[in-house]
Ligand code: VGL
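In structure tokens, one chain follows: the form predicted on its own.
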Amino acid sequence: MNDEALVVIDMQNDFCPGGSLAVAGGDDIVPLVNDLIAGFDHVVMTQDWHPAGHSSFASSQPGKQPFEQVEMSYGLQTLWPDHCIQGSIGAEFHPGIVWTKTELVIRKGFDPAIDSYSAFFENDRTTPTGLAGYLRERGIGKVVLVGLATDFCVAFSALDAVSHGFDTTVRLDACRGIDLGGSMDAMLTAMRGAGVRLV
């Protein structure tokens, strides 16, 4: 398994029950994610890391409500409740996650003008996070993705992993989704079509 990495997506307090953008059952997967972390030689985690007043927050867009969509310079953007603000408790990893053996934490969404779902690219689809280069330099060709949320940050990361040539698997039992306006079915279909292995 030395050529394989577990990528744990956004297991943060704000995405778990009680958080400002809670995914239903988001904390149910913590024990399984911990078991997977223990079984992998290489573990990478992502962390949403927004400055206060981020442009993707509905509170930053006058007259707009959470989950509405607006046109940004890089395309259509869903607006969110304020979440995962840098240094806040909501941005911290869920306290049940045993993440000490993590080799790399990719922080994303820290540019106030661009949201970032994927572990590989910001939402402009051109600004890389550096994860692909890191994995290649470590000789890693396979990735297994788990975490939150299935139909947003996990799915976008999986699609980008495939586009970078990585053998990509999503463990659906170790993910939970939001399902915003049919987004769950749409993104599962997109992942299958791109060659992501869903197990």
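Only a predicted model underlies this, so the values are computations on that prediction, with no experimental measurement involved. One-based numbering along the sequence shown.
The same protein also exists as the form predicted in complex with this ligand; that form is not shown, yet it is the one meant from here on.
*Asks:* In terms of non-hydrogen atoms within 4.5 angstroms, which of the given stretches 27-35, 47-55, 162-170, 131-139 touches this ligand in the predicted bound form?
*Replies:* This holds for exactly one stretch, 47-55.
*Asks:* Can all three of 5, 40 and 43 be found with a heavy atom no more than 4.5 Å from this ligand in the predicted bound form?
*Replies:* Not a single residue of the candidate spot has a heavy atom within 4.5 Å of this ligand in the predicted bound form.
*Asks:* Does this ligand get within 4.5 angstroms of any non-hydrogen atom of residue 21 in the predicted bound form?
*Replies:* Yes, contact at 4.5 Å.
*Asks:* Indicate whether this ligand has at least one heavy atom within 4.5 Å of a heavy atom of residue 153 in the predicted bound form.
*Replies:* Residue 153 belongs to the contact set for this ligand.
*Asks:* Tell me, yes or no, whether residue 178 is in contact with this ligand in the predicted bound form, where a contact means a heavy atom of each within 4.5 Å.
*Replies:* Yes, residue 178 is a contact residue.
*Asks:* If we define contact as a non-hydrogen atom of the residue within 4.5 angstroms of the partner, is residue 158 a contact of this ligand in the predicted bound form?
*Replies:* Taking the distances in the predicted bound form, the answer for residue 158 is no, it never comes within 4.5 Å of this ligand.
*Asks:* At 4.5 Å, heavy atom to heavy atom, what parts of 58-83 sit next to this ligand in the predicted bound form? List them in sequence order, or say none.
*Replies:* Residues within 4.5 Å: 80, 83.
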